[in-house]
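Heads up, the chain below is alone and in the form predicted on its own; it's given as structure tokens.
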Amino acid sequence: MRSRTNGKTEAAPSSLEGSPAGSPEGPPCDVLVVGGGVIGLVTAWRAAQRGLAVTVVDPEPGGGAAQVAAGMLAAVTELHYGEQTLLGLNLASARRYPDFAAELTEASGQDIGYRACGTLAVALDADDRAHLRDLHALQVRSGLTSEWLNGRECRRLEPMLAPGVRGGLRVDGDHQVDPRRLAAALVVACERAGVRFTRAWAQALSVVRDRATGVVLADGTALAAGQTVLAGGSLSGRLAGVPEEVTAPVRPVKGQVLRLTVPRRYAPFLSRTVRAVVRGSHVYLVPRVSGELVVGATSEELGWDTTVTAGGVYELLRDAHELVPGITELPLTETRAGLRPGSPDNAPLLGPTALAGLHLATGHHRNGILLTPVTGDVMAHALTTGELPDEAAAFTPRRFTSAHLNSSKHLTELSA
């Protein structure tokens, strides 16, 4: 196994010399993944498939934001202005999903709830209709496929929609997956691929002679690794011992979500994901084959707060009711709040950092589930070659380092 630092390729060390606390537990591994959410798990699985010895450190593998996420694979309807570079990565991952789902299902023996059901984005008033028209134009300019429908055509597709729906976009290429099933399947696939799990909290990164060499657990145990991947979601920037210049610039973005159950007498309630902007707030309804209906999602910059609030639940139900009035007849079975890992440009940080031996796989914000397949491939490539593949070059963590930013500014001035 080899790694690349400062433009030179060098062999990764196989021991943790001079660890700051404790002694290594068992033989050192090739790759230590800190964080057992879907991003950490897919990184571990793909790395193990490349022949690397991998350990995942997490007290509850398969938990994290996946327990709250809705699982929309919405590369087209999630397009935002200024995110065309991210669009390329989203589309690359969306194209991988059918084969990825089939491979993971076979490897784990578990169904991950992948559905090629499409999305219908609708407008409820003139302002929303204008917003959707602008989005449609952006999609067309970006080479994406979506079809504009009038209100009657929208209701023909989804009869439960409110009579006031003014129009919408039909996107058959946007699909869905069940994030909880996805996470559970990845845990099993990792175990079957030989990944080891250390069910504990990582307390600090070990750094020896300007190289990351593993982590120290909360109980003082030191785990040695040739390469360490921080994949802890919104917590990725809080691990002690990480030099400031390579600390992941991620922040928690709170999202509240509801789960309802569709009784058989109401089925079929919705046949595809339905989403809208209601008075400036985004709302989506994601129907599962199991009869579950997921409603989300708020987006709140409230630090580490994960409280489910009456206001958040009210706003989601109010907006969902305007979209699909019959929703108020459904049993409310769960309310949850979770934290998305947001980066300064809302795009992920993938691959080697300026600290030798340290990689990041975080900052996926609202696209973590969508980007799971491509992240696994990108990180496995980086861990075995020391470099990012071309499709992920724009998402290097180094784009936020002061040297990189100063260099980019200098190039901009020269070209001006």
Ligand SMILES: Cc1cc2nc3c(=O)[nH]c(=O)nc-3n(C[C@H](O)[C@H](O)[C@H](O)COP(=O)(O)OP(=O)(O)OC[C@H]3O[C@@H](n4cnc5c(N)ncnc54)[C@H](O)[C@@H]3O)c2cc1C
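Nothing here was measured: the structure is a model prediction, and the numbers come from that model. Each residue number is its position in the shown sequence, starting from 1.
Beyond the structure shown, there is the form predicted together with the ligand, which is absent from this document and is the topic of what follows.
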item: The unique member of 379, 349, 38, 54 whose heavy atoms fall within 4.5 Å of the ligand in the predicted complex; value: 38
item: In the predicted complex, the one of 234, 119, 206, 108 near the ligand [non-hydrogen atom within 4.5 angstroms]; value: 234
item: Within 4.5 Å of the ligand in the predicted complex, all of 60, 202 and 297 (non-hydrogen atom); value: yes
item: Option from 369-377, 46-54, 382-390, 352-360 whose residues, in the predicted complex, bring a heavy atom within 4.5 Å of the ligand; value: 369-377
item: Distance check, residue 79 to the ligand in the predicted complex, heavy atom within 4.5 Å; value: no
item: Contact flag, residue 69 vs the ligand in the predicted complex, heavy atom cut 4.5 Å; value: yes
item: Partner contact for residue 65 in the predicted complex: the ligand, 4.5 angstroms, heavy atom; value: yes
item: Any non-hydrogen atom of residue 184 within 4.5 angstroms of the ligand in the predicted complex; value: no
